[in-house]
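The data below hold one chain only, encoded as structure tokens and taken in the form predicted on its own.
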Amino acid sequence: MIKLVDVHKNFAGQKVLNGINLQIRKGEITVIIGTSGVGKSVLLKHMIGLLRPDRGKVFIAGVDLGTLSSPALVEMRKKFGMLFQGAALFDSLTVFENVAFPLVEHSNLTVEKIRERVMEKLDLVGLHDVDKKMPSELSGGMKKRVGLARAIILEPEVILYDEPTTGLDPIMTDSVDNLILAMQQRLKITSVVISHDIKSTFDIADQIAMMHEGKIIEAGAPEIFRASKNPVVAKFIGT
């Protein structure tokens, strides 16, 4: 679904991505791990064309993002949903209006159809009777669920999760992990998760990729990671 080939990116002379090679298979959950500041979020932005590599290529479903015009790139981004670290809800809008926002902006659906779609997605993430609430009335875990409902409202092929469990207690972390698994299983969505939560990573991942010094130093199934001989990987996951 996503393929990065020798991707390099510098900012003000500082090398952040130093030859990233990674394949993300359709319908699977890939978790990208690594220490803070290693460039995980920068990598995520390359996947949706918000950043362009200084060198190398990014392919989405076989299409080279570097060859797309701006309008074509906008269309390509509709294949993606994104759950931001802090949910990134609009404080002045109700839950319903937050979830409906992408449909209002990017579809020609009737008011009735929009309401039907929004309530369906809220139900899918386990939220009932909260559509009239404001974000300030929600717990951190509920905000994440609303953010996820908004991320899937356009029925994307890929969801990108940026540190989805940061700041949550263990019970809410398990709840968010279960939601990520449910989205994959029910909707056959490809998921890319940025995380530093090791337990969460092993709970949900089909593939784990570790970034270190601008490169992917290990990528594979969880059991491959547990048996890794790479000292950087072993230290990070605590084995």
Partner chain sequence: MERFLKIFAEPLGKRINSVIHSLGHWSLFLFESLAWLPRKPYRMGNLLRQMEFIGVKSTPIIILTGVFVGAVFALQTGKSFAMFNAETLVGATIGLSLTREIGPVFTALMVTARACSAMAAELGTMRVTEQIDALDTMAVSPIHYLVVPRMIATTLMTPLLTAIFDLIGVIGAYFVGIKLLEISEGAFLDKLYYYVDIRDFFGGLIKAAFFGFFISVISCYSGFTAKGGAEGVGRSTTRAVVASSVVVLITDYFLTTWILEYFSRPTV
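Numbering follows the first chain given and starts at 1. We call the rigid core whatever largest set of C-alpha positions still superposes within 1.5 Å between the two forms. Here the structure is a predicted model, which is why all the values come from computation and not from measurement.
Separately, the form predicted in complex with the partner chain exists; it is not shown, and the next lines address it.
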Quick one: is V118 in contact with the partner chain in the predicted bound form, heavy atoms, 4.5 Å cut-off? no
Look up in the predicted bound form whether V38 has a non-hydrogen atom within 4.5 angstroms of the partner chain, and give yes or no. no
Partner contact for L109 in the predicted bound form: the partner chain, 4.5 angstroms, heavy atom: no
Is there a heavy atom of F101 lying 4.5 Å or less from a heavy atom of the partner chain in the predicted bound form? yes
Looking at 89-97, 118-126, 164-172, 137-145, which one sits within 4.5 Å of the partner chain in the predicted bound form if you count heavy atoms only? 89-97
Report the residue, out of I48, L187, I194, I198, that has at least one non-hydrogen atom within 4.5 angstroms of the partner chain in the predicted bound form. I48
Note that the partner chain is not shown here; using its position in the predicted bound form, name the residues of 46-77 with a heavy atom within 4.5 Å of it, in sequence order. I48, L50, S70, P71, V74, R77
Threshold 2 Å Cα movement between this form and the one not shown for E97, core superposed: yes
At a 2 Å cut-off on C-alpha positions, does M134 qualify as shifted between this form and the one not shown after fitting the rigid core? yes
After the core is overlaid between this form and the one not shown, has the C-alpha of L154 moved by 2 angstroms or more? yes
